[in-house]
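Okay, here we've got a single chain as structure tokens, the form predicted alone, with questions on binding and movement later.
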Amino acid sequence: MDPKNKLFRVALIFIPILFVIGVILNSFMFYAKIRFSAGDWGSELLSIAIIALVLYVAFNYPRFESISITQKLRLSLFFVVTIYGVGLLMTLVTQPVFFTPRYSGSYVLRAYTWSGVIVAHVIGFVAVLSLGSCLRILQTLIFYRRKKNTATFFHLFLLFGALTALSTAITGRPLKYDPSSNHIITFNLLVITTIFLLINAGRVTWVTVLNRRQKFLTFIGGLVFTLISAGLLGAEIGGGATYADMVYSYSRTAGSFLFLMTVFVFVYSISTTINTLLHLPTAAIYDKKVREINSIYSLSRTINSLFDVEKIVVSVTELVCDATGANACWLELANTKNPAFRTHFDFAAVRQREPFQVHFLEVSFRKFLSKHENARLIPSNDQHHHYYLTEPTDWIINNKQPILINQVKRDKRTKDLKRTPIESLIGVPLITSDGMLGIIFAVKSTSFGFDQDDIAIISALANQTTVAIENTRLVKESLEKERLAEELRIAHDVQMKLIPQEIPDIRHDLSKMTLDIGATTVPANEVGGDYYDFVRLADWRCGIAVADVSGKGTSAAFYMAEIKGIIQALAGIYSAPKDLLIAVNDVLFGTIDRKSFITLLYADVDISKSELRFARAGHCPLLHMRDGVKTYIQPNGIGLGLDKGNLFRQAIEEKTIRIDDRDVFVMYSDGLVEARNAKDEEYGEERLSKCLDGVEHLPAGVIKDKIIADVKRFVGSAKTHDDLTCVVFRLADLQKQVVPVAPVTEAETGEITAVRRV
């Protein structure tokens, strides 16, 4: 347990115990009809101990520090009124009687009955409790926005107040502002205490932070405090005794505490009342500043919690009305990045306070945007408002500055508002680094309704709104980019699954020939437009297709999936490549977008006949190499999807080649021969041919890797702009011994290790 808290609880326990002991002691002296100095001093010491413990508890009670100013004032008034209430109740019930003792040196009333003893003790005890708590509350008010010497002056007041009370206890004379009634030392201490009391009573800076209603209530409360504190000193409540007499009868120290605290409360109440009265005329200005600050804070909180443009624009119109007291406020957002005319602005939100109504705002209402009664969304296609405020809007556009018109009916710029209840108007632009985002308008039904402070607060709200709208748009753009990236990633995965997962193993047992194939594709983006495929056909035949879909992205992936399905379905039906491409075009033309097309090279390799037939639909030529001679074979043909049928049929041409194991064929996309390096040089067919020098003896897969490595080496650090596809195939004699070939190293292949390779 915290030692401080433990002491606090011990003090709370001992306060009532000491009070009961004091009651018993004084009751004994009353019934015994004896007075002895030890008994008096014992009673006095008990009251001093009670006062000390009460002050310790009050000054260590954290609740008094944390409550609001108005709560402190109400609680102080409650404590003071409690003394009155308890005193009146006790005297009415017990009817106590007090008298002035005749023995020498007595200046304090004594109880004539035992009930007087009890009443004096209860009133004195309640006064100590209430005024001790009241002193702590006053200390928190005095320390509000404390200065360097505030604590020193307050502690000096407590010190000299305690010395004054102790002097009173010793001399036995009640405190009075009369030198003849007090001992000279007591009076001097009282004067010094009063000086520090007056210094502390002037610390009422907390009055400035009260709003107009609170200031008015504080002024009334100050008057009540003044009357009650005066009554505690002089009002007689029964038995010929005042409150002060009864407390003095309980204890001279408690009586002095009551006297000093009552004077302190009296003076502090007068100081508070005067200061509150002086600040009442400026309370409205303070209230307005508070509303402005609260509006900015509310908008900041809204901005931090919302990424919804519609809710933000509605909030700002409400806050502008609250902060400036405007009868109506609306926000117009520009429908272009750099608006130049009135017609470039659309309504975003409007707020009107009943019964104020503007007809060109009313006729545009369509639907409520939120639960707020007057917050409404205006569709951007409503142009009715464009007939009004043309000149003020153009002025704001040209000057990028707020406009203030306090006599709308007399200003030529607002002549179109003469039949409206608008008398004063403010327009503030929403400026971004790219231009003007919009304009906030606020209007009032009184002339000179706005001032420069209103422009400042609306400008502050406009700046925050601009940032909020821009941030919201950036967040939405970022989310949209993330969504598109995710879609592209999924499309890329789908596209990769469309590429054959393995090379078909086709061999002819009689001729001992097999088809050796190497193939790869490298998309330039997440989703490319290149495609290759193999179709296993009857009679030791294999169809090989290489295609290039115009465009990139998800649409290319969809067309790729479509062309794969068509070829796989029709390749077994049409044995001639030309017929197959015509059939594919007939099917594809009805589904493909008119802005898109597909180029395709299809080859039918017949191992049993050592024959190659192929046709080209606008695709790159077939590269044929035999005995070191390279030939680009380019039969006629146009792209798939460009013509409905007749022109395509007339243009398509089929070629047939007799092949053996000396032949090497390369099918590729335009991304391979059109690849460019940092000098913007094109790779070209010549480099491709040169790359194939001396590769006749190599397997198709190794030839393919050498081609890709050569292209990558040529491109270097330049950005790849197109997909790259390469399919190499040749006939291989199974009876010939396979010559070991060193694989293409990672350095030679460059980045091809990161792409799909089959």
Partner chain sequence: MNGFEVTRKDEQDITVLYLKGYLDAHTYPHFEGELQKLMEEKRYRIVVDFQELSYISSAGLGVFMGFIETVRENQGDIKLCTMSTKVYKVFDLLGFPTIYQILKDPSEARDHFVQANKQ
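Treat the numbers as computed from the prediction; the structure is a model and nothing was measured. Positions refer to the first chain, counted from 1.
This next part talks about the form predicted in complex with the partner chain, which is not shown.
> Taking R63, G85 and F125 together, does each of them reach the partner chain in the predicted bound form with some heavy atom inside 4.5 Å?
Negative, none of the three is within 4.5 Å.
> From the candidate stretches 70-78, 173-181, 615-623, 272-280, select the single one in contact with the partner chain in the predicted bound form, where contact means a heavy atom within 4.5 Å.
So the stretch in question is 615-623.
> Does A651 make contact with the partner chain in the predicted bound form, using a 4.5 Å heavy atom cut-off?
Within the cut-off, so yes.
> Contact between E685 and the partner chain in the predicted bound form at 4.5 Å, heavy atoms?
So E685 counts as contacting the partner chain.
> Given that the partner is absent here, does L647 sit within 4.5 Å of the partner chain in the predicted bound form, heavy atoms only?
Heavy-atom contact with the partner chain at 4.5 Å: present for L647.
> Closest heavy atom of T599 to the partner chain in the predicted bound form, within 4.5 Å or not?
T599: contacts the partner chain in the predicted bound form.
> To verify the annotation, which of these, K595, R658, K147, K412, has a non-hydrogen atom within 4.5 Å of the partner chain in the predicted bound form?
Contact check passes for K595.
> Give me the residue from T226, S550, T514, T520 that has a heavy atom within 4.5 Å of the partner chain in the predicted bound form.
Selected residue: S550.
> Going through 635-653, which residues have a heavy atom within 4.5 Å of the partner chain in the predicted bound form? Please give them in sequence order.
The stretch touches the partner through G637, I638, G639, L642, L647, A651.
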